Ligand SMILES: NC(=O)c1ccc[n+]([C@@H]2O[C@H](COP(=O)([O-])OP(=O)(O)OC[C@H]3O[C@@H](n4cnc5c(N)ncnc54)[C@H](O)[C@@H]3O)[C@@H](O)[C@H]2O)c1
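First, one chain by itself in structure tokens, the form predicted on its own.
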């Protein structure tokens, strides 16, 4: 339990990858602030952590709402005595569309959550991290920041490239405060949302063609990478991007444009 006594905030911690991260950090001894927009989700994950012997505080907040983020930080400090780790996991993805068909409103929403939201969370939590004299910021990006996404649209790709730039800049800016800043870039990860939005046939096709290790990641495997970067073992790692992708970025790839365009047309025809 190498995170014993540390306090971590996990945004988007009530579902998907965020739930996996919250559970792993709690298993390693961290006090976990499970933050999300839906009270039932953050409460359910917190209850599960407590039932497993861990410590969790559910907080309803929105990464695009500055006032709620300040309130979240205040509540976390009052409850656990401070903050050591910030995991910026919350993110969204709009319906997949080609650039010519992408609504401006979708661009603004995706960039607002995926990039501006991370900046606001960092800004809200940094005073508490600075008060500790050390800290960890771990941003959940995507391999879309290294090789554009074919699951989603250009708005998602651009937002994740922005996360990498933010990570690099903050790592340099905060190093003298002993706050490390890194990103984790998941590849395809099996979550309830993925299972609901992507057919098994499409998922299997992509996995066979593009994932050298032959399967997609689990939510907990992303949590294991977060746990490492949050630990004392990673004291000299900052400004880095760690891909947890089963080897996708090592591949030569192939032209999936016809497959992707057909999927986007199918989604549009279904009325999403």
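Positions refer to the first chain, counted from 1. Quantities reported herein were computed from a predicted structural model and do not represent experimental measurements.
The form predicted together with the ligand exists for this protein as well; it is not shown, and the discussion that follows is about that form.
Against the ligand in the predicted complex, the set 76, 120 and 136 makes no contact: no member has a heavy atom within 4.5 Å.
Using a 4.5 angstroms threshold between heavy atoms, residue 50 stays clear of the ligand in the predicted complex. With a 4.5 Å cutoff on heavy atoms, residue 37 counts as touching the ligand in the predicted complex.
Interface residue remark: residue 41 is counted as part of the site for the ligand in the predicted complex, having a heavy atom within 4.5 Å. The closest non-hydrogen atom of residue 187 lies within 4.5 Å of the ligand in the predicted complex. Of the stretches 187 to 195, 172 to 180, 76 to 84, 97 to 105, only 187 to 195 has residues with a heavy atom within 4.5 Å of the ligand in the predicted complex. Scanning 61, 225, 206, 243 against the ligand in the predicted complex with a 4.5 Å heavy atom cut-off leaves one residue, 61. Using a 4.5 Å cut-off on any heavy atom, the residues of 80 to 116 that reach the ligand in the predicted complex are, in sequence order, 89, 90, 91, 92, 113.
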